[in-house]
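Heads up, the chain below is alone and in the form predicted on its own; it's given as structure tokens.
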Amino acid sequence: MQYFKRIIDLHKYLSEARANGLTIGFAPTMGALHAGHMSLIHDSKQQNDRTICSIFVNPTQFNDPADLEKYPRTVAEDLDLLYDHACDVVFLPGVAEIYPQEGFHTPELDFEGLTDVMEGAFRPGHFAGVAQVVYRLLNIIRPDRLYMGQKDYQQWTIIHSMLDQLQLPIELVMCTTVREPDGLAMSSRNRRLTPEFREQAPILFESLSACLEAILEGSKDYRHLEKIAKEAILTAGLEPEYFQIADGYTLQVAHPAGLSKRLVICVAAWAGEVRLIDNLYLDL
């Protein structure tokens, strides 16, 4: 496994790889890696000749400076994990490398409401930062395929829109959410949960699953299902910010009489001082 901190050195490696006709898979991360991230590496290695993982805690996507400060940084552990999973390259840039003083071009994009709902409503500016850093990383690496997890479904949808708008020749691959045995979606934030909230956190997946099952059984009152789910989450001791049944493509509120071809059920809740998200989707 090789790792690079400077773009110039990474570019030399990538130029040689492309000169030999090798395909490149890329998984962007903010570190604090776990089995969910390793699923991205695994899928990329199956589909590409070389796999690159970036570790960069992007300051522009944190609307709360305290959240940025608390974000776990475990580079030594991350490198060991990536080595154990045979990742080919790790890119470890500093902030000045990604955001140079001389600046860089950021295209104007119209996400048509994708950034205004759910996470966007509760974390203003978050997706502008996400789109900015992903665009920057893609311009540096120029991969053939980009790997992102289903857990961040809204993020995946927004990056899909960006690739489409810019007509970038990059295949975006969604990797299935990896879960703990009790259903909790793996997340870097889970390590900050207290034992009490860790015990209660699976209520998110349980509520999503119950909602999905009700829809499959024919329930059409989506707003009532959302209400039941929020009550269950509250009863477990968590504080829901939203529980939303949405159109899987527009991310707008879904209605039973609508023409949605995919439903996505999304949840965000506070478990003490830790904010957790999760989702399930259903193709109709």
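Owing to the predicted nature of the structure, the values given are computational and were not obtained by experimental measurement. In this text, residue numbers run from 1 along the sequence as written.
The next section is about a form of this same protein that is not shown, the form predicted together with ligand AMP.
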| item | value |
| --- | --- |
| Among the candidates 68, 30, 253, 232, the residue which, in the predicted complex, approaches ligand AMP to within 4.5 Å (heavy atoms) | 30 |
| Position in contact with ligand AMP when the complex is considered in the predicted complex, options 144, 97, 199, 152, heavy atoms within 4.5 Å | 152 |
| In the predicted complex, residue 162 touching ligand AMP (heavy atom, 4.5 Å) | no |
| Touches ligand AMP in the predicted complex: residue 40 (any heavy atom, 4.5 Å) | yes |
| Ligand AMP contact in the predicted complex: residue 114, any heavy atom under 4.5 Å | no |
| Exercise: residue 34 in contact with ligand AMP in the predicted complex, heavy atom 4.5 Å | yes |
| Residue stretch of 136 to 144, 205 to 213, 99 to 107, 175 to 183 approaching ligand AMP in the predicted complex, non-hydrogen atom distance within 4.5 Å | 175 to 183 |
